[in-house]
Structures are given as C-alpha cells and as structure tokens.
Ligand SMILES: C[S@@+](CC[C@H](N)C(=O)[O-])C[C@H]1O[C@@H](n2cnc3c(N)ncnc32)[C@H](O)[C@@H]1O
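Form predicted alone, single chain, as structure tokens, below.
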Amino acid sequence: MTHNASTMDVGQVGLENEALGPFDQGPLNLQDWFKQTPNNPLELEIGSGKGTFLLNQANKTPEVNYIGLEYAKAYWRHAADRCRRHGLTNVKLIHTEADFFVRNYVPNECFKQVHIYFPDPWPKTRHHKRRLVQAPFLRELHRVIAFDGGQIRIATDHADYFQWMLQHAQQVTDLWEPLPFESPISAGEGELVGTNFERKYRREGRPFHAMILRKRA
C-alpha cells in the first residue's frame, strides 16, 4: 500500500520546526510532548528516514519515549504518518535540522541514547564539513546525554565516513568510550539495525560499519 504526500496525515506525531517556538529562548521540556508517558526515558534518532527503525523499536519498547529528527520533508511526513497509523503514542517526529535542534532546544542530560543510522556521507571532500558526526557535535551530544551509561549508537555503509567518525571520536576520548556495536532489540534476524537504507544496501551487498560511544562520567 503506497501513500502519496497529499493523503498523509502526521497527526499528533509530527511537528514542524516552526512549532518549536523561538530558538533563542532556551531548551524545551521535551517530555511535555508525551502526555500519556511523561516519565519514560527519552531516546533520540537523528535522520529517521521513512521511520522503519522508530516504528519497530518504539513498538517493541513502549516504556521508552522516542524523538526522531528528519530534515527531508517527504520522509518526515511518511514516517510520522506511519507511526500515527500504528497508534504509537511514544514517538514524536520533528521536521528540523539535527545540529540546530540539539544545540538550541535540547536540555542537558535528557537522552538515554542517541541513534545515528546511515547518515548522509557527503563523499566529496569539499562537502566533508557538512558531515554530522564531527568532534564539535560529539561534544554537544555529550551535553544532552544522561550520565548513567548514556550512549551514541552509529552505523554506516560508507567506509571512508566511518574512518572519519573514528578520527573525530579520537579527538574526544575524554568524553566518550568506544565500544563494539550491539544491535537494537527491533533488528530482524541477520540485521544490524533494520532501517530502510540498511535493507536496500544489504541487497546490494555493501559491508556495514558500526560502533557505540558510551559517555564517560
């Protein structure tokens, strides 16, 4: 069953960037978005795509509240519509740019985990500055992730970008401890994470690279 953009309904799941309010008035209380489960721990997915990971993970872990960020409007609408149709009250999808959102709207130490799966590799050298996973952003994530073993979970199909990630993680080893990747509970058999991109790339025979960065106290 396919849905075109005109028939999609983001319902209570999707939020436009404009709905966040002025960015210079300090962080939001993100738990206010989850009226039914305001005491659940919070996790963030950056680059939710069509929402496959969020849909499966939120369904399997109703005791966690999830915020997904997606910059591409068509993907954002698609993902929010899917989560709405599945009745997921523990998911909010925000149409926004990740670095801007984290820097301006997210309070200190509020996320248990941050998921970054198959981010845009920006392969051309002149575009490398646009890559999301860089030392300054890892420092910013350190601010918003909780102290009790909070983690960043990263996966990519792009070997060069993964080497870049490792180099930038090396610059902040005082903040993050690298660990081997463990698949989330929602991953299917033989899957690393279970996103749309992973399934597509797996059919193409691409190798995958992944790691966990655990916050140092």
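Residue numbers here begin at 1 and follow the sequence given. These numbers were taken from a predicted model, which means no experiment stands behind them.
Just so you know, the form predicted in complex with the ligand exists too; it's not on screen, but the next bit is about it.
Screening L42, L69, L192, L55 for any heavy atom within 4.5 Å of the ligand in the predicted complex leaves a single hit, L69. Distance criterion of 4.5 Å from any heavy atom to the ligand in the predicted complex singles out T96 from the list Q113, N90, T96, Q134.
Stretch 115 to 123 is the contacting one of 115 to 123, 102 to 110, 77 to 85, 138 to 146, since its residues have non-hydrogen atoms within 4.5 Å of the ligand in the predicted complex. Although the partner is absent here, F197 sits close enough that one of its heavy atoms falls within 4.5 Å of the ligand in the predicted complex. In the predicted complex, G47 approaches the ligand with a heavy atom inside 4.5 Å.
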